[in-house]
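Below you will find one chain, with nothing else, as structure tokens; this is the form predicted alone, and questions on how it binds or moves follow later.
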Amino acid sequence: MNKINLKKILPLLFALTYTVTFAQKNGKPNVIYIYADDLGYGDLSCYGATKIKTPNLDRLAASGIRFTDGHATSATCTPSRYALMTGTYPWRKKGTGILPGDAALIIPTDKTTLPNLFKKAGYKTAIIGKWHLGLGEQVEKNWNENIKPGPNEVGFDYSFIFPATADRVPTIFLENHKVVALDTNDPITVNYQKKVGTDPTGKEHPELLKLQSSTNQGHNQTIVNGIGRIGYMSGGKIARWVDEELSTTFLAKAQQFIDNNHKNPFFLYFALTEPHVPRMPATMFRGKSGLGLRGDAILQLDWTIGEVMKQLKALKIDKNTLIVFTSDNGPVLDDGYQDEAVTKLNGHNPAGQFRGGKYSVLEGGTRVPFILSWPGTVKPQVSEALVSQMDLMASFSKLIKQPIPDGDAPDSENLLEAFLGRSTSGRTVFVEHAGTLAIIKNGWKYISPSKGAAYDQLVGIETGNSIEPQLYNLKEDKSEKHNLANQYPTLVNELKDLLTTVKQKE
């Protein structure tokens, strides 16, 4: 029998124990931020869904805090992600609306961002999944060479992304600065103004589509993997992804990053694609939800979370890993493709009890699932504290003892006590952003008048727009059914003035 060399083993055991203990005592857990895409408040069984079951997310919620008043800043993806990354309301800066796939980088490289906050504190940082915050210094870029600045220049040590959304070209992966599987003999060209190359389009050849586009929503340009996209692309045939493998590809990369870095603190921004269009879940989830491809995509999302949770437990770092799970905005059913999300809704209510959804200033637009789990540190509970994804910047700054320089993350509030379940007090004032702005203070919500349509016919969602001011008491009327503006004109004026003050803040 071989003798155990205690002189060699004991220092290793001590080092491992010290690493975990140091991280726990100094408030530096591993942090995984998981961002779903277009997932509604009512899409999870732990938030009241009865037509679909999400057991892994239910377990995550049961192990930590399920927030009932958790928000994205905006009712669409790019601005919400901008706020998360910068701690700044996106409507303060032009060009933070939904970006095309060839947009330039909109995240500043000279300001504190969420990932470089962690990086300065000694964390290894990574983004895996959807980016949609622009790449390079200009729209015109050569996709066949290094593309920067991008995620690596704003704080991520490692990035494996697709540039925008799955329904927009280019349909390729980028690992750090390079297109994955790029063939220099088949160069990539992207254009959002005119057709490039000879690839068929959904408009010209609808018979080639395996997923038909909805009318007048623009998803009928270059066909990739049998699906019409927004924008035109030529070249890069080998580099183009297969939609059914998107989720598992990102999961494999996330697991690889966790495995490579689990012995030291890491920050992983895991940006999922589900249930954003085009919904093309893997075969093992097809038809399982009974709610069409959107429901199947939610099952795939839930399974993905379960796989990450299994890995953390297997590596014995689950109790030293803080997980935040939420969504970039509220739900939408018909957002470009005919995938039975509407016809097989089957009584499911993606926004729960709330009006509106994606694109809407009503609560369904920004109030989303928001779960925080840190086993052994955060006690399981349900919290009614008003919290925003934008506040994670200031809150994590406090947690990991890494200060934010004056002037950076100006709208992020330190809500660490609420995020850790030690307080039920969250924000007292919060601005919601869609086609117009709304402000919430102490449960009262004021929506600014807007000339936009009250109902978006293309996607079938109430926008919350009205030429008249709106006032709702969210404590008694969460569904925003009763406009009280005429009954409380003084309060309307107070909130209107407060919104003006917030907008003028530098």
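Position 1 is the first residue in the sequence shown; the rest follow in order. Bear in mind that the values here come from a model prediction, so they are computed numbers and not experimental data.
Here the subject shifts to the form predicted in complex with a small molecule, a form of this protein not shown in this document.
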> Pick from M393, V277, L386, A83: which has a non-hydrogen atom within 4.5 Å of the small molecule in the predicted bound form?
Replying inline: V277
> Which listed residue (I98, V429, V139, I317) meets the criterion of a heavy atom within 4.5 Å of the small molecule in the predicted bound form?
Replying inline: I98
> in the predicted bound form, which of the stretches 201-209, 279-287, 147-155, 214-222 has residues with heavy atoms within 4.5 Å of the small molecule?
Replying inline: 214-222
> For D328, is any heavy atom within 4.5 Å of the small molecule in the predicted bound form, or not?
Replying inline: yes
>> in the predicted bound form, is there a heavy atom of the small molecule that lies within 4.5 Å of any heavy atom of I230, even though the partner is absent here?
In response: yes
> Contact between E462 and the small molecule in the predicted bound form at 4.5 Å, heavy atoms?
Replying inline: no
> Within a 4.5 Å heavy atom cut-off, is F370 in contact with the small molecule in the predicted bound form?
Replying inline: no
